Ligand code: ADP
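What follows is a single chain, given as structure tokens, in the form predicted on its own.
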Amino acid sequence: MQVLTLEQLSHSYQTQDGRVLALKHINFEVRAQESVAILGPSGAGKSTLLQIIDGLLKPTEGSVYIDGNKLEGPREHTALILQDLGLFPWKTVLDNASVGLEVRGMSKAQAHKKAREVLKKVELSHVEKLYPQELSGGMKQRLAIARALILDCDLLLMDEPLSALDALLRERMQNLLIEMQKEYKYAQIIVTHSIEEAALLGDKIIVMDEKPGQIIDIISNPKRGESSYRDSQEMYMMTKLLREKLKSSLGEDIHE
């Protein structure tokens, strides 16, 4: 994937009280190997936006383009990690990691071989025979990432994948996301409520308002990914700027 482009994207849905506008006039671009964080409150339509980019939903208005081609449905090289991770509880770690390849027609032996290579990258080789309910929260997150990476995705979409983790484990997983993106060279979009997480993970940060979801600002974050960035003055200033952007539109109801 070279460029993902969203043009004048709007989406509404039907309720008992009539149609509700969830997204309004969304426009932005994601370039190859770029990391984009989408920051905003509940009700900003962030999850709906990811489903549209994944091809699971058709927008009410506007279009999604990849390399100039209009997206008409799910795409082979786009992977989506939902907040609940979507792991199959009846499958082992190895089978969860390889299931996408088997669905595409690869033999089980070949799929397991490739899955073991990726599980090694995310440090899960030693638990390949366990089931998701036997894993820690961090292991489940790493398994979800492995399952996406094994499909050779060039665009990884993540809907608050780290929100259920404690602070230190969340920091480890943030570092893993940075490392995996550098190694596998895909573009990624991560939806988050956390100001700090958006500042840490986004080469650019899209700040959204709610009801309907629309873009307040798109902010460039050139220091993202540098080893010392987390504890730097630049990181502090970026979180301060993002907080101000949100407060200017939403008042004081802001949560890290």
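So that there is no doubt, residue numbering starts at 1 and follows the sequence shown. Values in this document were obtained by computation on a predicted structure and should not be read as measured data.
The discussion below concerns the form predicted in complex with adenosine-5'-diphosphate, not included here.
In the predicted complex, adenosine-5'-diphosphate sits within 4.5 Å of a heavy atom of Ser42. Shown alone here, Gln233 lies farther than 4.5 Å from adenosine-5'-diphosphate in the predicted complex, counting heavy atoms only. Remark: Ala22 counts among the residues lining adenosine-5'-diphosphate in the predicted complex, judged by a heavy atom distance of 4.5 Å or less. Contact annotation for Ser194: none of its heavy atoms lies within 4.5 Å of adenosine-5'-diphosphate in the predicted complex. Only one listed stretch (197 to 205, 45 to 53, 64 to 72, 29 to 37) carries heavy atoms within 4.5 Å of adenosine-5'-diphosphate in the predicted complex, and that stretch is 45 to 53. If you take 5 to 19 and check each residue for a heavy atom within 4.5 Å of adenosine-5'-diphosphate in the predicted complex, you get Tyr13, Thr15, in sequence order.
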